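Below you'll find only one chain, the form predicted on its own, shown as structure tokens.
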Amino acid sequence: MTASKTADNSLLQVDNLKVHFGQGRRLFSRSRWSVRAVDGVSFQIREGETLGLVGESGCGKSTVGRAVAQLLTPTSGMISFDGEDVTGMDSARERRFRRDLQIVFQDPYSSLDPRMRIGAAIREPLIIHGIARGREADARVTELLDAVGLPVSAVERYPHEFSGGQRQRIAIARALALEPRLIVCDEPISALDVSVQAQIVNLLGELQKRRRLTFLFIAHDLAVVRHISHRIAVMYLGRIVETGDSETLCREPLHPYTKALFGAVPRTDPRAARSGDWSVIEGEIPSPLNPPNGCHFHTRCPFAREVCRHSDPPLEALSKDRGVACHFWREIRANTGADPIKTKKAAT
């Protein structure tokens, strides 16, 4: 099946993606349960850009990435790559798709085979896909190692001989081996030391410029996402609640959840910290086994009203790249710039 290309020629188009797990029965009950990890997500990524996908742990970010990479089978929805539906592909098309899309996982300690030398690990996809063999493959491995800032001597060494940051560079080199058009970066720096994170982010930015790569960059660190992303999508409990270009969304978040996320980022200015100009999300994130009716965020939102409890707000398109899923975003923005969390506390 072939999907029609979008007007802006998006490389990746995701429409109403749902990924539910389980489908079991509750103990001593006839009712069935399922984990709604992703519950109706839609977005697109244009060729050559980076979309940052952010949210709290457990919101479904990584599940989206794995579904896009076809490592998980979606419950429903459509994923199209370069205008072609990639769900339910035949083996020949799936093989081509694997070359076009690669994934860099969160943990560089477990994503590499500890018994395989680095050269063999990078060479393997070249051989499997029939791209290069022998000296040609060796030359390609050397080129890839150089591209990620590692010496050629790394080919004869094993993963345990490298640091976390070096292992992630190796994982990136392996992902680049097939010259993909899209790379899903699933929290690629969260397992690394802070001092190394900036190096990996800068490396990804340089590779994108040189090779015109497209990234789906999944992370929970908003400062990193703002630095590397052209656009940002904010997820909460399986749904996208706000989208926008990086600078606009960070400068003027519209959804209460997005405002709270950015307000919780530590400030380097001690005067700002003393002023109490922080937004704190109260309460616990609900379980995806039993998500709230209506707006999923209403149980923690200071602006929640009765309509929020039974009516799920759609992602309203405000412009080409700007969207927000909130019944009262206009009222929140017009609230003289006051922080909604602080406003609630003052009222009580």
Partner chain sequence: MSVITDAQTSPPRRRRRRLARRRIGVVVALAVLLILFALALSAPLWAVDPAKQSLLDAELPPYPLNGSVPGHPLGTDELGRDQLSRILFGLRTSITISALAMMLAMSIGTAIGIIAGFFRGLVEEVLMRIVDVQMSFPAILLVVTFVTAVGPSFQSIVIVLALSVWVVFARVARAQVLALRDSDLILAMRALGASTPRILFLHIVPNIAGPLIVIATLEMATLIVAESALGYLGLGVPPPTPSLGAMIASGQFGLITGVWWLVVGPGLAMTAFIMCINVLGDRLRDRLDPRS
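Positions refer to the first chain, counted from 1. The shown structure was predicted, so the numbers you read here are calculated from the model rather than taken from an experiment.
What comes next is about the form predicted together with its partner chain, which does not appear here.
Colleague: Does the 4.5 Å heavy atom contact test between residue 179 and its partner chain in the predicted bound form come out positive?
Modeller: Residue 179: no contact with its partner chain in the predicted bound form.
Colleague: Report whether the minimum heavy atom distance between residue 227 and its partner chain in the predicted bound form is within 4.5 Å.
Modeller: Heavy-atom contact with its partner chain at 4.5 Å: absent for residue 227.
Colleague: Is residue 107 close enough to its partner chain in the predicted bound form to count, meaning some heavy atom within 4.5 Å?
Modeller: Looking in the predicted bound form, residue contacts with its partner chain include residue 107, since a heavy atom lies within 4.5 Å.
Colleague: Does its partner chain get within 4.5 angstroms of any non-hydrogen atom of residue 244 in the predicted bound form?
Modeller: Answer no; every heavy atom of residue 244 is more than 4.5 Å from its partner chain in the predicted bound form.
Colleague: The chain here is shown without its partner chain. Which stretch in 121-129, 218-226, 201-209, 73-81 comes within 4.5 angstroms of it in the predicted bound form, by heavy atom distance?
Modeller: Within 4.5 Å of the partner lies stretch 121-129.
Colleague: Please pick, from 166, 214, 111, 197, the one residue with any non-hydrogen atom lying within 4.5 angstroms of its partner chain in the predicted bound form.
Modeller: After the contact test, the surviving option is 111.
Colleague: Taking its partner chain in the predicted bound form as the reference, which of 101, 260, 144, 155 has a non-hydrogen atom within 4.5 Å?
Modeller: None of the others qualify; the residue that does is 101.
Colleague: Scan 160-188 and note down the residues that get a heavy atom within 4.5 Å of its partner chain in the predicted bound form; none is a fine answer too.
Modeller: Result: 160, 174, 178.
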